[in-house]
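Take a look at this single chain in structure tokens; it is the form predicted on its own.
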Amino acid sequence: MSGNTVTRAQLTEAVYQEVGLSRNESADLVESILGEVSNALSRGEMVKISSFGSFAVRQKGQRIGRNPKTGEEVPILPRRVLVFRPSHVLKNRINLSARKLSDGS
């Protein structure tokens, strides 16, 4: 996978290469997984993926914000936000990759 962004098409291609399903079956599998994760989060459930991390929806209350241009106070309405917490395995893998890059390996 190349570039700075991983797309659905690249995930589908990776599943096709690794698992050996047809391209259509790989696309269906990726869509099904992403759909299930999205549905669970929209129901307010936590999604945990072992050795990767967990996704959760958190409720934020109303607060007062400030317009940076005018300095005017503005109410920020309550909302739900998506939170991702990486696993220690993922953190270690990212840090190991960063060390290899900085060492020139």
Partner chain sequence: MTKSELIARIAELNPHLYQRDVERIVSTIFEEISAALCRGDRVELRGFGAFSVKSRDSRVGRNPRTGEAVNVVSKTVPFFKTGKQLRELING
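Positions refer to the first chain, counted from 1. On a predicted model such as this, the values are computed, not experimentally measured, just so you know.
What comes next is about the form predicted in complex with its partner chain, which does not appear here.
**Asked** Does Gln62 reach its partner chain in the predicted complex if we count a contact as any heavy atom within 4.5 Å?
**Response** Flag for Gln62 set to no.
**Glu36 within 4.5 Å of its partner chain in the predicted complex, heavy atoms** = Yes - in the predicted complex, heavy atoms of Glu36 and its partner chain come within 4.5 Å of each other.
**Prompt:** Looking in the predicted complex, any heavy atom of Lys91 within 4.5 Å of its partner chain?
**Reply:** Lys91: contacts its partner chain in the predicted complex.
**Asked** Can Ser42 be called a contact residue for its partner chain in the predicted complex at 4.5 Å between heavy atoms?
**Response** Within the cut-off, so yes.
**Prompt:** Relative to its partner chain in the predicted complex, which residues of 61-85 have a heavy atom no more than 4.5 Å away?
**Reply:** Result: Arg79, Arg80, Leu82, Phe84.
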